[in-house]
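Shown next as structure tokens: one chain only, the form predicted alone.
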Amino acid sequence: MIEIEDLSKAFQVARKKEGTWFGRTWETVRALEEMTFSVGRGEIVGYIGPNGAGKSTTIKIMSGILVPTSGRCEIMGLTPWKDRVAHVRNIGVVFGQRTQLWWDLPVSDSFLLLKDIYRIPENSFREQLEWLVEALGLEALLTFPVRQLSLGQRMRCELAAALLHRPSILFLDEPTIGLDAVSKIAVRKIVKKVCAEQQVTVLLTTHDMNDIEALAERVILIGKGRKLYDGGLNALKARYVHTKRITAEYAGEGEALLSALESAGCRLISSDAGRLTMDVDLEVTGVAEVIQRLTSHLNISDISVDAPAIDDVIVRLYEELAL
């Protein structure tokens, strides 16, 4: 479906020459260096990294907007920047900070214009539009000008616009940026629904790790233009999560036990009025052992075990790799 091999992109950037008013020097900035990965049909892949890592550059190359300096990019047998007309029929693109809808026109008119641009047959257009209107809850929005929509409403319409021509691949670049929690959940639901029901391949770039956790089982992490990790999200957590947090509610005196646990690989976060929270260092002791000691010495009424949030895992990984 998507085959990327040794893909590189370099830009020439002008810098002001020190000590002069008008002089300048040119510097080569490498946005991508020998990027290689593949994505199969129906996969949802999170493509993540810090600002300036090369995520948007990759999406623009795969969309046919940019031409790489070197390497191979083949999507459904086509080279995006060489076969642009044929290629764009296979892809849908949603940029969170850009629109493909006409600002002053009703949403339905934008959809009709896109129908003509993509030369979608009438029956196929009506069938897909009906499915999208129901799935995204757009019926009440079709007659409103795009400029009168809230951000969440507009993003749902942007998704519909990207899917009208039944693309096989959907590129999502920060699709939930600026959205409230309800709108984010709505966008995630439709992405999963489209992937499941229409076997659309999704490449998702975002800084919202909750989007990644909700949608993607596989992540590709890049930094400074290079691929750093490609694999399962759970495997990434297992690799970089070294603590778990235990919260317990109990009756009785636990000071001596807590002191013993702290010396055995646990770090007390808080303890007051029959409730304690501690982090367990998994490289020193196990969660099961800590729970056993708690339940054998205290009258436990409730207990929970939580792993660090995915945001914490990614931050820790960035720090380790000095990104």
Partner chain sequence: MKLLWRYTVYHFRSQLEYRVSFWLTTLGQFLVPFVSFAGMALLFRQFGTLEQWTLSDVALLYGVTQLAFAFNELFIRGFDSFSSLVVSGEFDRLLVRPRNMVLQVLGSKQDFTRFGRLVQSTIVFVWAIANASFQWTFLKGVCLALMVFGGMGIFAALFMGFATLSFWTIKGLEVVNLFTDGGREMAQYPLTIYPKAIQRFFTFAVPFFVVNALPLFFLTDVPGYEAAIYAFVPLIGFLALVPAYFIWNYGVRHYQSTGS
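Positions refer to the first chain, counted from 1. Keep in mind it's a predicted model, so treat the numbers as computed, not measured.
From this point on, the text means the form predicted in complex with its partner chain, which you will not see here.
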Contact test, all of 60, 89 and 119, partner its partner chain in the predicted complex, heavy atom 4.5 Å: yes
What stretch, of 230-238, 192-200, 212-220, 89-97, brings heavy atoms to within 4.5 Å of its partner chain in the predicted complex? 89-97
Listed residue (284, 291, 269, 65) with a non-hydrogen atom within 4.5 angstroms of its partner chain in the predicted complex: 65
Checked 226, 147, 72, 207 for heavy atoms within 4.5 Å of its partner chain in the predicted complex; positive is 147
Evaluate residue 245 for contact with its partner chain in the predicted complex, applying a 4.5 angstroms cut-off between non-hydrogen atoms, and reply yes or no. no
Does residue 141 reach its partner chain in the predicted complex, with heavy atoms at most 4.5 Å apart? no
Please run the contact check for residue 249 against its partner chain in the predicted complex: heavy atoms, 4.5 angstroms, yes or no? no
Partner contact for residue 182 in the predicted complex: its partner chain, 4.5 angstroms, heavy atom: no
Applying a 4.5 angstroms cut-off on non-hydrogen atoms, the residues of 174-207 near its partner chain in the predicted complex are none
